Structure formats: C-alpha cells, structure tokens
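Okay, so here's just one chain, in structure tokens, the form predicted on its own.
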Amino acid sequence: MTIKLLASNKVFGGVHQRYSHQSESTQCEMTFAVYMPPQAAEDTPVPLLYWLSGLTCSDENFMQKAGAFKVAAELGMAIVAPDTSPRGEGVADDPKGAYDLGLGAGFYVNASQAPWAKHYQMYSYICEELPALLEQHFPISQQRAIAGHSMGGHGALSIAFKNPQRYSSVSAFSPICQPTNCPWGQKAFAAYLGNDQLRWQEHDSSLLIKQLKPEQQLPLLIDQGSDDNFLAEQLKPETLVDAAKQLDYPINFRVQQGYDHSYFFIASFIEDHLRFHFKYF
C-alpha cells in the first residue's frame, strides 16, 4: 500500500503531514492527516488516537482548529484524522447538494444501497484498511484509542462498541447518540443501508452499548455543550446515558455550560480528552 505526501509541517517538535492514497475499500483516492510526536523521530513506536470528524468536515478541520499538538507532543501520542467520506470524480453525492448526505457525510458505515455502495465503505476503511496502512508506514504501537465529534462522535462510539478489543478507550464531543431516531441518522441510514431498520440498529450506539459484556466496557468520556443548537433534535445523549446507567457502565458524561457545537468547544476541552486516553495506553 503506497501513500503520497501532500504537505508537511513541523509543530511542537513533531510533524503534521497530509497524505493521499488509493483506497481498496472506497475505490477512490482518500486523504488523511497524521501528527507524529517528537518521540517517534527515532522510530520509537507511539500510541495512536483515531479522530473522526463531523458533517461537512475533512481531515483538515481537527488538525487546524483543535489545538491538540502541544499536549500530544508532551504525551508522545500520534493522532490520525481521516476524511469523513470518499470523494472525487464519480463518487455519488446528494443530487440536491445537502450537507448531511453524500460528500462529507459518510457516517462511518458500509453502504449497501445504490448509488452509494461502490464508494461509501467508511466502516471498513476506518476499522481495517487505514490501520493496516498506518502500521505499515509509521512507527506506531498496537495501542489505539478513538474519539470524534458529532457524526464522528457517532462513528467513534459505534466503532468502539462494535470492536472493543481494538481500543483502550473512547471519547466524544457532542456525539449523535441515537442515529436511528434523529433526522440526520434516519436520512443517512435510509440512503446508505436501505429501509431495513434492523441494519440501522447495528450502528446505533445507544443500542450497541447494551450488547457489551462487563469485560468489554471501555473507559468512556463524553463532553456535551449546554448551548448546542443540535442537542435536543439530533444528538440525544440522554439515550446513551440512560442505557449506561441501566448497565452500570462507568460513563463519564459532562455537560459544559455555555458551550456550543463548534471547534471552540473542542479546543477548550481537547487536552482533557488526550490525557484521558493516555491514561489507558
């Protein structure tokens, strides 16, 4: 698997780089960004945090806006930010140009419906292809954590709950906690997965958490802004919190007063999340 370097910048003693590669999963060229801390300069394997971004985002939003590099450099933690969907000529997009379906809105599932199925295989890309690619080309260890924001929070939670053996911890900012019962999730799942709602449930974190055995429960941190415009209609964190309480799952759910859905919110608390994950490496 070959990768092409697009850009490289030194930051806090480490290096931030953007790469592209031809993906077997999505059948198109994919882009990702990776931050390697200074500890990796001598090929010392370092732990890796997967960051999954939200609707309309790409690999660039988190890397440019979150302010994560200083703490990541201190801790010796690598961070990878993949794109949020396949892109390029011939890749299906919403014909009406909606922001919540198609390009920038992959929802981290494997689509089974036309015209999405050919390229929108984001679950396989995040869980299988990208890890193999990173482990081939970068000095990273087998220690992995996963985090995300909004649609990416949905992705981080659902992927972690479906693959608890792969990650040491999971966290999210403003995650879509019950996609089977919110407009964003219903629209995307109907398009990508079809009308069989049993298939939708395979990617609903408020349901997936109930399938975990006690020994599979990962350390979990969620931050939610109280002034998030999407809180009531789209995010529904109470569904996940209630499910966790029923299971005695030790979820750390924090409501941050006055914060919204933006990267100002993420930048304010990203240090907490990085230190949280590092504790479990």
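Residue positions are given as counts along the sequence shown, with the first one as 1. Since this is a predicted model, take the numbers as computed values, not measurements.
Omitted here: the form predicted together with another copy of the chain. The next part is about that form.
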For this session: Answer yes if any heavy atom of Ser262 is within 4.5 Å of a heavy atom of another copy of the chain in the predicted complex; otherwise answer no.
Result: yes
For this session: Report yes if any heavy atom of Ser8 sits within 4.5 Å of a heavy atom of another copy of the chain in the predicted complex; otherwise report no.
Result: yes
For this session: Look up in the predicted complex whether Phe69 has a non-hydrogen atom within 4.5 angstroms of another copy of the chain, and give yes or no.
Result: yes
Problem set entry | Residue contact check: Glu271 to another copy of the chain in the predicted complex, 4.5 Å heavy atom | yes
For this session: Scan Asn252, Gln64, Gln217, Thr44 and let me know which has any heavy atom within 4.5 Å of another copy of the chain in the predicted complex.
Result: Gln64
Exercise. If contact means any heavy atom within 4.5 Å, which of 69-77, 162-170, 197-205, 105-113 contacts another copy of the chain in the predicted complex?
Worked result: 69-77
